[in-house]
Each structure stands twice: as structure tokens, then as C-alpha cells.
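Okay, so we've got the same protein chain twice, two forms, each given alone as C-alpha cells, structure 1 and structure 2.
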Structure 1
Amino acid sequence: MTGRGEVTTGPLPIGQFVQLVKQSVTRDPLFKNQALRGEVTQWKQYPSGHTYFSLRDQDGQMRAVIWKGRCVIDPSIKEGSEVVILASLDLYIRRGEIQLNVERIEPVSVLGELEKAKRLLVEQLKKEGEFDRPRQVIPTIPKHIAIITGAGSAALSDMQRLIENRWPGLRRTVIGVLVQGPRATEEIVRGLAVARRLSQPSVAEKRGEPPVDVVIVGRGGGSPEDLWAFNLEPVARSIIASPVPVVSAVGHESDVLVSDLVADLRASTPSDAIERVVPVLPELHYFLDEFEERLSVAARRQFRENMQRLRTLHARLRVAPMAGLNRAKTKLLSLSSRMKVSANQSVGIQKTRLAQFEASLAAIHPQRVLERGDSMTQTADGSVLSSVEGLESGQEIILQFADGSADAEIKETHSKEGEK
């Protein structure tokens, strides 16, 4: 083969090339979960349960497929219908044809209007520069996490379990809200407002706990309509206004919501949010032990090197002319003094850093709070209680003290306003 460039490996087999194209197409996030609008043509539903059609407008068209059981198809959809689809790009290798794998299809009047509103909000936020604003950094060791999600949901259970596995007893406050339906937007905004209040040092001091320093807001998977509250402007504005970092953990990895675009960190799932926010306590202890060992080895090595330099200078002094003896002695004393100061400063700095790490760990350990005379109240399933809201007469609770625990039963609850 000839040309401007020399081919050294021979022609690429076409099947291998098609595989490379497929990998590039399917891995690019730009081609995943796209909302597309057009007219249905060549609509055909086969006995196998698969549905094939083309989506077109005046500027172009593309083949599409709805695999059996992938989604519910509105019976009103037919040849010539105007629809909106959620689909990802794929390549059919045997024919080398690019097609759309459809995850959802709706008449324009249903999903189309929602997607239009989402697109307008995204354009507005982008115009305001909200997508380009500096993001807040997630703390390396969070002291108090606020979790905003559905009370009693599977997503909350998964997050609670992961936290206990990674850092038992880590302080967290669960703010239960509705995450779908007509009131979901109002509830999520309320939850973010509560988290903002708990992040204020003055409020946290009155409660005898560290301020909230990171917020996780989200829910498990669902249909686009189920997740739509996280695409609405009030939720987006509340996330932007948060004084502490917010992690958006909504749905599955393929779901991209407006909350994901404005949050300080996007997690693909609620469980992924915990894995990215909560460190593993045993691993952190191992890191500190390893760091202390490295510090000790480095100090010993520096001492040996300094002693060798002193021996070398001492040997030179013994053979140096008498005229330079005083100058060499002065230099030796000065060098010895500087080396001692430098070594002490280096060791002191590293010991201070180590002490700070240990103090941080000790300060946030729940046992220290209990030893100061405080107690921690939990529900029967182990969730930490920070409010009387949701408690009922007759409910069993557990009181944790520094030297043990006690089972108790709620007799009566009173809010600060005196309401029962």
C-alpha cells in the first residue's frame, strides 16, 4: 500500500475496525441517554417483541430499535407520530450500521414538554455561569454528613449500611423527604434548607455536635418522570446556594439530571456517593501508622548522614594546616548547630502533622462525645436520632452512653413550641 505515510502493520481487518468504532461510540457520554425528537417512519413490531423504526425530520434520519421489554410503548404511537425518545447510540457490527437503542418513547405532548423545560433551564444556568463556578471540595474526613433522601427507602438503607461498614458511628443526620410526586420539589428544597441550618457553627454548638460539612441528596433509580424533581429550578438553586459541598446521587449512572450538573460532586448512585465521601477507617489508621514509620526512618537516615558529614569534617581537621584550624572549627560548630536545628524542626513539623491527624480522628469519634457526658439516641434499626420529628408514643429507642446502652420507650414527645 502506498501513500504519504508508510503502512508497517498491514491493512486493518474490517471487523476489527468496526469493533473499534463501536467501542468509541458506546463509551462516549455524549451519545448516551440523549433526548431526541422526530417523526416515526418504517414502524414495525415483530413477533419477537422487538420494535424497529426510523426517526426523522427535515434535516436527517436514523434507524432505531426498542428491544423487547425495554419500555412501555404508548398504543397511540404509529407511522407518522411525532415522538420524543431517550436513547443511546450503538453500532450493529454485522452490518456496520449505527442505530439508536431506545430506553423510552413518548408522544411529544408528554415527555417532550418536560425535556424542553429542562433544556431551557440548563441554557439559563449555563448563561449565568453556574456550570463554570468553582466547586467546593469534599472534606477528606467528614465530621457530619446530612443525607437528604426518601425516609425508609432502599437507597437510604444501602447508604446507612455502607457508612457503618466503612466508618462505624460516623455522625450523620438523615433528612427524610419525598423524592417523587407533586410535592417532591418542595420537600427536597426543605431538606436542603435544614442541611444549611445544621451547617451553621452556632446551631451545631447548641446541639452539641459538629456542623454539617457535606450534604448528599438523591434517590434510587426510576422513570424520567419519577426523577424529574431533580431537574427543576428550585432544587438546582438550593444546591447552588449551599454553603457546604453537595453531592448529587440520583438514579443510575446513565441518568444525568440538572442536580448533577450544578452539584459540587456527581455520584452515579447513592452507594457511589458514600464510597466517594466516607473514607475507610481501618485504611486511614494504616496510613497514619505507615506515615509514622516513614517519619522515623527518615529521621534516622538524616541523623546518620549528618554524623557521616561530621566525621568527614573531623578527619579533614586533623590533617588541615594549623592556620585553618580555628576557621574550620567555627564552621564545624555552626554546621553542627544548623543541622541539629534543621533536624529538630523537620521532626517537630512531622510530629505536629501526625498529632493533628490523630486529634481529628479522636475529636470526631462518637465515644469521645459520650465520655463528655452526652448520650446518643438511636432507633431500633441503629439510625441516629437528632429530632423529635417522626417519633411516636410507644416507639422503642436505644440510649448510648460512654459505659453502655439502655433500651427505652417513647412515652410522649414535645416540640420547642410545646406542641405534642
Structure 2
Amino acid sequence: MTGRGEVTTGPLPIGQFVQLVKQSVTRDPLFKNQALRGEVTQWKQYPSGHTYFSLRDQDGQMRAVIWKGRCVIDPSIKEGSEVVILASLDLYIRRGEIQLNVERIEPVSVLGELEKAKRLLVEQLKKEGEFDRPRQVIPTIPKHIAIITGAGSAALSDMQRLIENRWPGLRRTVIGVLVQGPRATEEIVRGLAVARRLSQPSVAEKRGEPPVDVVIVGRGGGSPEDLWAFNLEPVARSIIASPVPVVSAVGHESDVLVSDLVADLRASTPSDAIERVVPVLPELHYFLDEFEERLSVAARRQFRENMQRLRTLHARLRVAPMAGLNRAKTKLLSLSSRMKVSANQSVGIQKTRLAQFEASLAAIHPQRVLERGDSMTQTADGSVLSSVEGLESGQEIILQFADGSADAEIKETHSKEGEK
């Protein structure tokens, strides 16, 4: 390598080179005590008293250091703060990294005010339950997308290109609005109002197109101030009031705006919004074709199964009359033989029952009783006496035994009741 005017004979040791760069960088007046503006990221205050951070905006960033005691640091400065610094360029030799040595740092107070307003709005909306309200569902097949964004913006051309890749010719209406600057809020609100009108069936019919069924509102990345319209109440209220689902697609992934919090769907970037709203047409066709195939295969198999069943039934039907007759005959035979058996059985049972009946009858015949050793008492006219009741002294009675009888006369009666 040949340095500027310096003659070298071989490769320069890197350390020396870094030294040279440092000299060059620190000498340049352009890089001394420069006022710079940007957003604070990776803010870190070390116990040593030094503070490290990066200052960035959408176009670039650089590491910065505030050496201990160099300046007073506003305690409100934190991650994401927009600040103005006075700094000089330096090179950290050990790492060969360029960094800003900060002499002064001030928060951009306007932004502080805005942040405060945003916080209050978020609190208010939360209290009203707007964050808990049920969100509208994005249609599977959007028939008419309204896109509210900067006309001619990079974000819009990204979205358009992405839509054409996914679903060429998908119906959409782009409503070009200002997305930053003092009129942005008003234009975004009006854009949302237009989308609302286009979502009304009567309006859509007049225009000869389906009503808008999903709205994408957003813009590409920018400084917090550039995105600020999406943090304001009118935009938030318009999104909440939308009769069709609204997708908020503002800035980069790290930017979370009030519009993101109230929208039906938060997309991290405009391109992300398209990916979440617009299906890939060839995929849809593929699914439908697959269903069509499965449906016809399954139905055909069912038909075949049914035909097979029919053929079997048909064959069985043909042999059925003969088979039926034979079955009937066999059944008849078996029935008649069973009948015979049961009739015989029945007669036998009756006979046995009769014999039992006779036996029990014989057991209780008076003669049998007498034979067991008992006797029977009768009045003179032959009626059987079973009680002392009605008998009188001197009355004639007859005692019957198994082998004869004896005449007798009542001497006295004793009723058991009388004994009691």
C-alpha cells in the first residue's frame, strides 16, 4: 500500500494504519463539535460513569460515548429518546471503531411532549376498553382491499409488487395521502373515511365493484416524528370506528404506534401487512385441486363399494327362493317334532299332578284321621261336634272310632273361656 506521500517498503502494520486513520479523522474540522440529531438506542450507563449509546435515524447510525463528568445528562433520556448532541469524531484504536465523543446532549423536548401525549392517549383508550374490544377478522379471500398510504412512496411500491407476486390482479383501491407533516393526521382520517364509504354496499354497487372488506393503513419507516400521525387520537378513533377490519402497517418492526394497538391486526411493516392479508393464489388453487381430487376419488370408491354390495345382494337374491323353501321345511319339521314331545310331556305332567292330588286328598279323609288314633264326636243326629258350645248336661252324643262307635252322655261342660 502506498500512503499519501509516505513511502513504505512493505505491508503496513495494522496498528500504525489505525493511528493514521485516527489522525486523519480527528484533524478534520468537519468532524469536530458537530451538532447531530437522532434517536438514542442501546443506551447504557456503566458504573464507571461512562455512558455508551448509538445515535441513529432511518439512514444510518454511529456509536457514541459520553465520558464520565463530561456533561450533564438529562435524566429523561432513555432508549428511543430523540436527542441533539454536540460531538466530535474519534477513533477507538483498540477496536478500530469510529465513535462520537459527546460534549453535550439534550433531549428534543417536542418529542418529549409528543411521547407524553401518546402515553395519555394510550391510558385513555385503555380505560375505555378499546384494547380489549373484540377485533374484526381479516377475510380469507379479500375481495376489495383499500390501501391508505403515501402516494408514490417506496412502501406503496413494495406493497404493490408483493400483491402482484402473490395474487396478480387482486382488486384494490389505493388512497394516496400525506403520511407525515402537519396535514398527515387529517389526510389519514379522511382516507379512512373514504375506505368506510367504499365498504358500504350501496356505494360499492354504484361503483360496480364489491365493497371494501379490509383496509391497510400505513407507511414505511421514518423518524419517530415522521410516524407521529399514527400516534394521534383522530387516527386511532377512525381505526376503532371502521366497520371493516383495519390493518396497521407503520414503520419498522420496532415501531409500536397507537394505530398498531387499536387496529384489528398489527403488521410490523407494510410488506408484512400484504403477507398477512393477501393469500397466495397458486396455493389456493392447489388446495382446491387437492380437495377436488380427494372428493372424486372418495366418491368413486364409495360408488364401487356400493356396486359390489349390490352385486352380492343380487346373487344372494337369485338363490333365495329355494333356500327359503328349504329353510321353511326344516323349520316346520323341527316345530312338529317339538310339538309332539311337548304334548307328551304335558300329559305326563298332568298325570303326576293328579296322583299327587289324590294322595293329599286321601290324607285328609275323616276315616284316615281316625285310623291315626283320633276319634270324632257326633250329635245324635250325626252332625260332627267341634265345639263345647251348645252342649248341655244330659245330651246324648256318639263317639266314632276307627273300628266302631260308642254312645255317651254329657255330664258337665267346661268352656275354656270360663276358665280364664
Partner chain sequence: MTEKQPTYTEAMQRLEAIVSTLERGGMGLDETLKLYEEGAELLRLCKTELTTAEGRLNELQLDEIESELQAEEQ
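None of these values were measured; they are calculated from a predicted model. We call the rigid core whatever largest set of C-alpha positions still superposes within 1.5 Å between the two forms. The first residue in the sequence of structure 1 is number 1, and each one after it adds one.
- Shown as structure 2 is the form predicted in complex with its partner chain, with the alternative form given as structure 1.
- Remark: with the core as the superposition reference, the CA shift of G176 between structures 1 and 2 stays below 2 Å.
- With a cut-off of 2 Å and the rigid core superposed, S296 has a Cα displacement that reaches or exceeds the cut-off between structures 1 and 2.
- Superposed on the core, the two forms barely differ at E283: its CA moves less than 2 Å between structures 1 and 2.
- Aligning the rigid core leaves the CA of S48 displaced by 17.8 Å between structures 1 and 2.
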